[in-house]
Every structure is written in structure tokens, then in C-alpha cells.
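Read the single chain below, which is given as C-alpha cells and is the form predicted on its own.
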């Protein structure tokens, strides 16, 4: 079970973000909401007074008596309350929804700033569907913090106090007794109600996220599930999750309905009590009959505010759940910058721990400067991609089993500098990352607007110019869902073209010519090697192609991951799994 202290701190964390930037706007929204509520109560109470006073005046005149009744002021008050209620409600909705949208925009800014501070390893450890839930459903649940959990209770409390103050002008005892009883019972009951439904509502929100994850997995793995005859088994899990959502929703609605019933009964008893007290005061000549009806209707008008509180406070658990899940991400600190204008030298030292294998020398050491190219070759499973991930700081080596150090300009790259390090490098992994977008969007991903002439230049370097010109909309042609309209070789060359638009100091290429025939790969490599003549290039391939090293042999180095490295690497991996 979650700690209540942490729950309060999570909600307070997000509330403080809103209060820190929008105090004045929140105050205006609160006043508009209070104006709307009091106008509705005032309209009902004053109308009741005027109708009762008119009826009494008519009875007196019918009885042969004389009585004066001013109609213009009460009539003007009724029209004022009717107008202020309509106008207040319109501007309150308009203003408060704008405040909520601004707050959510601020929440998004905090969350995305936190995402920038996360390491790639942390991002990869969380499923895409989980990120989708956090950045959509959980974020949307936070809007309840203002519209349902903050404003309605505060407006209700202030309305009760103001009605009690208003009644006190006619009867001090009746005003304060009714006000104190209403506040004490309301605060006690709704505190108990939120505690009772909080865990249920939180569980309900968690179950929705679980169902979303299962549904996405089911849709993405349709072919694999059917091939393995697990389609119906996985489908049953999704159905069970959906049935749990229905059960939780029914229980939550049941609690809310019971709470509304209790509020209705308690409010009814309060109205009856005030009516009896007002009647008694009228009989003792404390105030007139029309005033007694007005006070009775004023208390009766509180019912609209109180009736809505159970359904609004029933979202407490969902909002708490979302606040707890998003708080760590928003608190993520920005990474420190590497103290350099550019990478001038990179060095790496990686060795298996002596306790793993004392008889095998598995040390890897190298130092490179701009203009140099290192080819690292080795068969599948020899650890090339792991080595590339370590260089790109996508994986963190287990220092209890390996000795690992990455130096930039003779300074170790610290964990808090990883994001800054990523901005200095370009990494082409073995997998082609093509987005469901246009060719232009895929090429300029993460970059500011680039002149189209520059795009055509890089497409020429990777021999995609003619292909792109024959697309229906040229650079702005849609590439399909994750590049479904591209062949493997075309997708690979699009990824290479994307790298050419960047200006990194270190370039990591893991099997850069997958899906490209040898002759085209040779032509492209010779162009790229000239293009990257002032950068550090590290290429990882199964074997050295015939066209390597390239133009300048003095700047080319080769390192081969032999069988000894394979054995030490595999032993390290086995021990890490244990």
C-alpha cells in the first residue's frame, strides 16, 4: 500500500506547481465560481422572500388591512442574481478551463524536461505503452486536481460560511449553529469518503493502464500470437482485465451513489432543522414570515453544491495515482553539461574483471582524435553492439564485473553528463528507425528547419536522390507506418542521410550497410569518409570489407574482437544474469 505521507506530498507537489505560477488566475477563477454559487442561492432565496411577502400582502389586503410592499428593489435584486448567475457561470467555465489547460501545459513542460534528463537506459527500461499511459491518461487525470479536488470543496466551504454569516444578521444563534454543524459534518464525512474510495479509485486507474498495455501488446503481437497458438490465451487475459475494470467501476459508482444519498439525507435534515428553527423564530417575533422562508431557501440552495461533491471527490484516488507516477519524472534534474565546446579526443578502456577470467587478456583500449577512423570487427555475438552501446552510454557496465572507463578530452564522462554527451555524438544502430511521417520529417528529426537544397545534397550522397524525386510529393511524401513503404536498403540509406545532416564530433556506425549491396556500399562509404574527414568515426562490422580502409591509411585503425574476447564477454554476461 502506498504511504499516505507520500500521497499528500505528490499531490502537493503538483498543486504547488500551479500555485507558484497562477495564483492570481486561480483566485479569479475561485471568485467567479463563488459568485456563480452565491448568485444561484441568492436568486432562490430572494425569489422565495418576494413570493412569500407578496402572498402575505395579498392576504392582508383581502382581510381589509393595509400594507406597503416595495417590489422594485427585490425585483431588481432577482434580475441581478439571474444575470450574475448566467454571466458568472459562463466566465467561470471559460476562465477555469483555460487555467486548467495552462496548468496541463506547465505539467507537460515539467514532464518533458524530466524526460530529457533521463538516460537512454532508463527510457529503454520502460515500455512504450507505459510511456503512452503516463503522458496521456495520467496527465489528463491531473486536471481533476483543480476542477474537482480544489475548487468545488473550497467554494462549498466558503458558501456555507457566507450563508451562515447571512443568517446571523437575522438570528446569530441559528446562523452559527447551522454553519458549524454543516461544516463539521461535511468535513468529517468527506474526509472519510475520500479515504474509503481513494484506494479503490487508484486501483481502478491502475487497472485501466494494465488493460491498455495488454491491448497494445495484443495488437502488436497478432501474428506471433497466432503462430504460437496463444491468441486466445492472451485474449482471455485482456478480457479478464476489462472485466476487472467493470467491477471496480461498479463499486466506485456504488460508493458515489451511496455518498450522494447520505448527503441528500443529511442536507434534508439540515433544511428541516432550519425550517423548524425559522418557524419558531417567526412565532416569537424574531423576524417576519417572508424572512423565515428566505433563510429556509438559502440553506436549501446549498444542496446543489453539496450534491456534486461525492462525484468530484471520487476522483481523488485516480488523481493521487497519476500524481505519484508522474512526480519522479517531473523531479528529474537536468543533466550537467560537458565542459567543452567540442570533443577533441576520446579514449576508452574496457577489461573483464580479473575474477572473471585471470588467464585471458580481454583488455580493449583505444584513443582517437578527429579525422581518425576505427573499424571494430567480429562475428555475431562477439559484443560489437554492446561495445557501441557503452560508447554511446546507452548501457552502463556492471563495474563489479568489468573495468570500464570512457574519457572525453581526458575527462571521464560522468553519469549526470550523459544527455550532454548524446548531443556530441551520432549513433546508427543496427535497427532502422523510420517514423510514421514524411521523408522530410524523418530526415530533419530533432533539427531546426533546413534548406531543401541541403536535403537533396545528402540524398545524393546516399544515392536516394532519383528515388525521392519520383515520390508522389517529393520530400513531403508519406513513408507509411514506421517506413512500411521502404525497402530495407532504402530505410538504411534514409538513416545514413539523417546522420549526414548532423554535426557531431563522434560517429558510431553499427553495421552501417545492412541491406545494401557491396558495390553501392563501397560508393557510399567513399563519399561518407570524405564527408566525415574532421570527425571521429567508429565502424562496427562482421568483417573488414575490401574497400576499407579508405583514402588515408594513416588515419585508419582496425581492432578485431577475437574468440578470447567472445569467451570473456560471454562469461561476464552469464555471471551478470546470475
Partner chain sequence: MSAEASLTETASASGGRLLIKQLVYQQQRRLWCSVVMGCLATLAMIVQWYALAQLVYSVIILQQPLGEQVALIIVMLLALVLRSILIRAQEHYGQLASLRARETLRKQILADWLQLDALQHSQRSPAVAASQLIEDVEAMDGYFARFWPQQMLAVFTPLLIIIVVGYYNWLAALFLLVAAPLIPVFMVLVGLGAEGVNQRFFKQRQRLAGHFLDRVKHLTTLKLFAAEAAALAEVQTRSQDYRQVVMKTLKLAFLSSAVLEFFTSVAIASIAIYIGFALLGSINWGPAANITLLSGLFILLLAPEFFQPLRNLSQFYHDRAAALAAATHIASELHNQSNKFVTPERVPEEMGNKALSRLVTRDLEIGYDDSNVIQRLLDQDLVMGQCLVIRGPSGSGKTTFMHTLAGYLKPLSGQVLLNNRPVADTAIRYLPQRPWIINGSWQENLAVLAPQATTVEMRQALHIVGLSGLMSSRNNDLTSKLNEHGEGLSGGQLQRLALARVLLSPAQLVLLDEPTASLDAESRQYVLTALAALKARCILVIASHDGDVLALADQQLHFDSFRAG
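Numbering follows the first chain given and starts at 1. Note that the structure is predicted; figures quoted are calculated from it, not measured. C-alpha atoms forming the largest set that superposes within 1.5 Å between two forms make up the rigid core.
Omitted here: the form predicted together with the partner chain. The next part is about that form.
**Q** Pick from 181, 445, 471, 154: which has a non-hydrogen atom within 4.5 Å of the partner chain in the predicted bound form?
**A** When the partner chain is considered in the predicted bound form, the option within 4.5 Å is 445.
**Q** Report the residue, out of 461, 200, 139, 158, that has at least one non-hydrogen atom within 4.5 angstroms of the partner chain in the predicted bound form.
**A** So the residue touching the partner chain in the predicted bound form, by this definition, is 139.
**Q** Can you confirm whether 143, 276 and 293, the three residues that make up this candidate site, all sit within 4.5 Å of the partner chain in the predicted bound form, judged by heavy atoms?
**A** Heavy-atom distance to the partner chain in the predicted bound form: all three under 4.5 Å.
**Q** Does residue 224 make contact with the partner chain in the predicted bound form, using a 4.5 Å heavy atom cut-off?
**A** Residue-level check for residue 224: yes, a contact with the partner chain.
**Q** Residue 253 near the partner chain in the predicted bound form, any heavy atom under 4.5 Å?
**A** Because a heavy atom of residue 253 falls inside 4.5 Å of the partner chain in the predicted bound form, the answer is yes.
**Q** Contact between residue 169 and the partner chain in the predicted bound form at 4.5 Å, heavy atoms?
**A** Output for residue 169 is no: heavy atoms all beyond 4.5 Å of the partner chain.
**Q** Looking at the partner-bound form in the predicted bound form, is residue 289 within 4.5 Å of the partner chain by any heavy atom?
**A** Yes - in the predicted bound form, heavy atoms of residue 289 and the partner chain come within 4.5 Å of each other.
**Q** Spot the stretch among 449-457, 182-190, 242-250, 369-377 with residues whose non-hydrogen atoms come within 4.5 Å of the partner chain in the predicted bound form.
**A** Comparing against the partner chain in the predicted bound form, the contact stretch is 242-250.
**Q** Is any part of 297-331 within 4.5 angstroms of the partner chain in the predicted bound form by a non-hydrogen atom, and which residues would that be?
**A** Contacts from 297-331: 297, 300, 304.
**Q** Core superposed first: is there a CA shift of 2 Å or greater at residue 204 between the shown form and the other one?
**A** After core superposition, the displacement of the residue 204 C-alpha between the shown form and the other one reaches the 2 Å mark, so yes.
**Q** Using the rigid core as the reference frame, would you say residue 86 shifts its C-alpha by 2 Å or more between the shown form and the other one?
**A** Not so; residue 86 is displaced by less than 2 Å.
**Q** Residue 440: after superposing the rigid core, is there a C-alpha shift of 2 Å or more between the shown form and the other one?
**A** Yes; residue 440 is a residue whose C-alpha shifts (by 2 Å or more) between the shown form and the other one when the cores are overlaid.
**Q** Taking the shown form as the reference, report whether the CA atoms of residue 109 and residue 437 lie closer or farther apart in the predicted bound form; the distance changes by 3 angstroms or more.
**A** Note: Cα gap between residue 109 and residue 437 shrinks in the predicted bound form.
**Q** Your call: residue 208 and residue 99 CA atoms, closer or farther in the predicted bound form versus the shown structure, by 3 Å or more?
**A** More distant in the predicted bound form, by 3 Å or more.
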